[in-house]
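This document starts with one chain, in the form predicted on its own, laid out as structure tokens.
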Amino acid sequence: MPGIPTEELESHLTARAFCLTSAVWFALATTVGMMAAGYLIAPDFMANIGFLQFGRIRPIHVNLVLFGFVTPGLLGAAHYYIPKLMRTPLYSQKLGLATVILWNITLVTGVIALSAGHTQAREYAELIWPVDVMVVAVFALVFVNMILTIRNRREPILYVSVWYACAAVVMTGTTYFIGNVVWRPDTGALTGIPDAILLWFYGHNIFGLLLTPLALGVAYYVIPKVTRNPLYSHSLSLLGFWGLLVVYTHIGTHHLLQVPVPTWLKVIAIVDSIAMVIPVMVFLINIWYTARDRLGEIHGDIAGKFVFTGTILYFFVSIQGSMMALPQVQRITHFNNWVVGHAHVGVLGFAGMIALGGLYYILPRITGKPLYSRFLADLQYWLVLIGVSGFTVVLTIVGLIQGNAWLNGETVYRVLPEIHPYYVLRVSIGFLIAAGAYVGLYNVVRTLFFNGETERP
């Protein structure tokens, strides 16, 4: 987009830094994920390298995808659209850049600590206390920059994307502090059942109150822009917003239906898990009606294609999640690869695709130049989409094999040979996603730093 004034380009430095952060860590996260998948085929894979053992690189992979790839990608878009919607510059680019630097220092510190074996050994809450403090600090800095930008706004109406972005940052900073028991630096945990309840309050909300609202905020901004249609219903957008915050907050205990947590808490978790259909369908109806009769425009715009595909995957992962909260279903699906497949389609398929769409939407607008290569962006789209779809199918099959074997009382050593071919297929599919991550990294770097005025095919 030639002709954008230099001062406006400089006003997007924070968004550019978040985009680069997301692209770099996506490539590294998928590389680590491939190594972890290799252990499931060959348990002695790199057996003598302590800092690369499965128990260490698996949480590294999870945290890098969550905090390294998806969250910075969505925040990069948020740091673009909030000033645009407020018709005012970001409050402080210096504060924004300092936040991105601290964010990356936090990630590097977390990776080093986990690879050295320092962990709190809690699902999604493995990072040690000093890193926990740094995570809360970066969310606080992001919130300060956002809220002060909103305070200085020249637009009186707060569009729903702003609601979602701010809520995600506030709620995540709070739930992260509570779920990681930051006030107990010696252990980073409580004891017994209370710790399990607190952990899954955080563990599920890190998806539902961080990735989901940030992703929905990007979708609410990009789809109307790409289709050149007004949002179908502002009222529905607010209904979906409050429905998400009220309903999602209580569903984490559906991970603990097999353990002796209070029955009333299990009932609330199951009921609210089913009730999640309401905010999900409210959002999808709103966004799909906005895109009605404009699918050609979405297909022709790479950002729109990523984001719209993410909304479709949001439908599938949400319906699946509500179903998985039922006790009779969990007898088969829990504690096996079904849940791993569900997590991949949610984080990488839903939030990850929308993060990539937001990244590709803002890149030309924050650089003043066309995207380096539309072909490479399309290639990444298909690599990631085929990879996520393949992961979902393969891991669902493996999960059903494991779940039925467990239900029938079969021993582990009889099941492992049955699922080994699927693990080989999983690694093969994983190569597609990793390749897509590196293709995207190359495209982003060329667009940010080495791009001419002429767009590649």
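Just count from 1 along the sequence shown to find any residue number. Computed from a predicted model, the values in this text were never measured in an experiment.
Just so it is clear, the following notes concern the form predicted together with protoporphyrin IX containing FE (HEM), a form of the same protein that is not shown.
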| item | value |
| --- | --- |
| Candidate site Ala36, Phe69 and Ala325: all three near protoporphyrin IX containing FE (HEM) in the predicted bound form by heavy atom within 4.5 Å | yes |
| Interface segment, criterion being heavy atoms within 4.5 Å of protoporphyrin IX containing FE (HEM) in the predicted bound form, picked from 286-294, 339-347, 131-139, 358-366 | 339-347 |
| Contact test in the predicted bound form: Val394 vs protoporphyrin IX containing FE (HEM), heavy atoms, 4.5 Å | no |
| 4.5 Å heavy atom contact, Ser318 to protoporphyrin IX containing FE (HEM) in the predicted bound form | yes |
| Protoporphyrin IX containing FE (HEM) contact in the predicted bound form: His254, any heavy atom under 4.5 Å | yes |
| Partner contact for His234 in the predicted bound form: protoporphyrin IX containing FE (HEM), 4.5 angstroms, heavy atom | no |
| Heavy atom within 4.5 Å of protoporphyrin IX containing FE (HEM) in the predicted bound form - the one residue of Trp163, Tyr176, Trp200, Tyr381 that qualifies | Trp200 |
| Contact assignment for protoporphyrin IX containing FE (HEM) in the predicted bound form, among Val111, Leu211, Leu85, Ala167, heavy atom within 4.5 Å | Leu211 |
| Contacts with protoporphyrin IX containing FE (HEM) in the predicted bound form, stretch 29-66 (heavy atom within 4.5 Å) | Thr30, Gly33, Met34, Ala36, Ala37, Leu40, Phe54, Arg58, His61, Val62, Val65 |
